[in-house]
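Listed next as C-alpha cells is one chain, alone, in the form predicted on its own.
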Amino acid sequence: MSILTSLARLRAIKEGVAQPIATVRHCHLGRRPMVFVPLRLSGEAAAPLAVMLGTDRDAPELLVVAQPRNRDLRFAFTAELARVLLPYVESFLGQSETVEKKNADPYQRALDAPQLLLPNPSGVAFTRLLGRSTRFRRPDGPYPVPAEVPLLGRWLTYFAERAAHPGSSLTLAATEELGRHWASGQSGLEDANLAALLGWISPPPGRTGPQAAQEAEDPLIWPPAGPATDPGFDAEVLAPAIESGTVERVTEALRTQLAPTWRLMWQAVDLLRALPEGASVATRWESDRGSFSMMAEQVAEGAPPQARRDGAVAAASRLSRMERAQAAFEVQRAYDDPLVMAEYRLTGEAFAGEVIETDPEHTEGEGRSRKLRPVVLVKTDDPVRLSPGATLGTPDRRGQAAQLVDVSDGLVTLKITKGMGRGRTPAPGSVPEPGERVCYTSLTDDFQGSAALPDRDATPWTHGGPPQEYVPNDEDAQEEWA
C-alpha cells in the first residue's frame, strides 16, 4: 500500500466516507457492458449453480442449475449461457477497421469489443475454471455436449485471461476497479466485499461508511457477491429447495441471492462512469479491440482451444508481454492523473514546480553538429532524488524528453532534448513559459522491445523441448469439474 493510499484510508476513517485516490477513470467502460454475476456450488470449485447476466439493468437474465451434480443439467445450463453470451460477443464482429503497422501485415480490428463486468476477482477465477471445464468438450464421441458449449468455454477462458493483463478493460472486477479509484477505511481484505466497499464509497442517506459497511456484513441483507454462497443459505434454503426437485423453488431461492449483487454492480458502473476517462484509456482499449479481433479470427479459422498450460516459450512470451504492459500501465496512470503522480513526487521520482527562467534558443555543439537544447529552470518544493543526466518526461507535453542538468537548493535545471520541433527555433508552446506550473518525472513510456525468444520448435531440452501438438481425444471429455 502506498503512502498516499494509507493517508487516504486514515482520512476515510476520520471522515466516515471513502476518499478519492484518482481524479480520472483508469479503465474503459463500454456502451453496453455485460454484467456477469456467477454462483457455484459449495465444495465444487467449478460446478455452476446460477448466473445472473445481461446488458440492461432492468432486464437481467437468470440461469439456474436445479441439480448442480447432474451432468446433463450442468451442460444444459452452459448451453443456455452460450445462447446469451455468444450472440453478445459476436455482435461486435460486424464492423471493423484496417490497421497498418510498420513491419507487419495489416489486420482488421473491431470498432468495439465486448466487456465482462464481474463482482470480484473470485468471480473471475470461477469464470476461468468454468471455461477450462468446457472448452475441451466435444459435440460427438463419449459424453457429447451441445456444439456451442466448447466455443463458450474458449471465450470464457479468453476473458478470464484478459482480466490478468495489466491495463486491459475487457474483463473487470468491480471491487478491484473501485479500489483503484477510492480508498475506504477498512482493510484490503474487507474491500473484497462489494456491498461493504460501496457502503464506504456511497453510504445511504443518514449513514456513515462504517455503518453501511457493517450492515453489508449481514448476509440476510446483502448476500455474498459470489461465487460462493452463504453457508446459512446453503443449509436452510438451498439444500431443501434442491431436494424438493422443484425448479421454480430453486430459481426463486437463488434470485434472492443474486438480485442484490446485480443492483450493486450497476451502482458501481454509475460511480465509475461519473469519472472522466483518463487520456490513455482509449489507447489501451485499442489494444483490447485488437486482442479481441485476433481471438475471433483464431476461432473462425478453426484453431484448437487454448492449451491447458503454456509451453516454455509461450509462457516466457506471455510473461514478457505482461511485464511490459504493467510498466506501461503504471506510467500512463501517472501521466493521466495528478493524484497518482503525487506518489512518485513523494518518492523523489517526479517533481512539480514553477518555471522561473528559460533559454529557448540555447544550443550545444558547433557547426553542422549544432543542436537546439532549450534550458528550463524550475523552482520546486518536492524532494528530487534524481541524478544529473537522468532522462525525464512530462505529462504536460507528452512525447517530449528532457535531461536533468543540476539540482541545487530547490532549483532544478534541465534541458529539453526531444519534442520541440525540427526547426532552428522551438515550435510554439514546446518550451514552458516563466510562471508556468510544470511536472517532470523519470517515468517514461518509451517503447520497450519484446524479449528475444527462440521459436516454439526450438525450445531447448532444458525447458522440456518442443511441446507436442494438441490433438483432441476422448479423454478431454473426462476432465473433472473440480
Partner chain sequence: MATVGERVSGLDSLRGTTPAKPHDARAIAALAANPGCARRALMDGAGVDKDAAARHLGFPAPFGQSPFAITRGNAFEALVKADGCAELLRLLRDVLRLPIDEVAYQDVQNVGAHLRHAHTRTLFDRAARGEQGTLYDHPLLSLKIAGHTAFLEPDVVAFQHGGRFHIVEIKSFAVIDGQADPASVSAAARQAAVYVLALRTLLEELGHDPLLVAHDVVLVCPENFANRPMATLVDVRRQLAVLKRQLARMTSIDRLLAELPEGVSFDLLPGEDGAPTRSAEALAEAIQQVSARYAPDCLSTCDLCFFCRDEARRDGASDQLGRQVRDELGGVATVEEALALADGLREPAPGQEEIARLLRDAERLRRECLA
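No experiment lies behind these values; they were computed from the predicted model shown. Numbering follows the first chain given and starts at 1.
We do not show the form predicted in complex with the partner chain, though everything after this point is about it.
The closest heavy atom approach of Leu151 to the partner chain in the predicted complex falls outside 4.5 Å. In the predicted complex, the partner chain sits within 4.5 Å of a heavy atom of Asp382. Contact annotation for Val35: none of its heavy atoms lies within 4.5 Å of the partner chain in the predicted complex. Put simply, Arg9 is close to the partner chain in the predicted complex: some heavy atom of it is within 4.5 Å. This chain lacks the partner; the member of Arg162, Arg284, Arg333, Arg132 within 4.5 angstroms of the partner chain in the predicted complex by a non-hydrogen atom is Arg132. A single residue from the set Arg273, Arg309, Lys371, Lys101 has any heavy atom within 4.5 angstroms of the partner chain in the predicted complex; that residue is Arg309. Using a 4.5 Å heavy atom cutoff, none of Glu80, Ala113 and Gln326 lies near the partner chain in the predicted complex.
Heavy atoms within 4.5 Å of the partner chain in the predicted complex belong, among the stretches 209 to 217, 387 to 395, 274 to 282, 407 to 415, to residues of 209 to 217. Contact annotation for 11 to 44: residues with any non-hydrogen atom within 4.5 angstroms of the partner chain in the predicted complex are Arg11, Ile13, Lys14, Gln19, Pro20, Ile21, Thr23, Leu41, Ser42, Gly43, Glu44, listed in sequence order.
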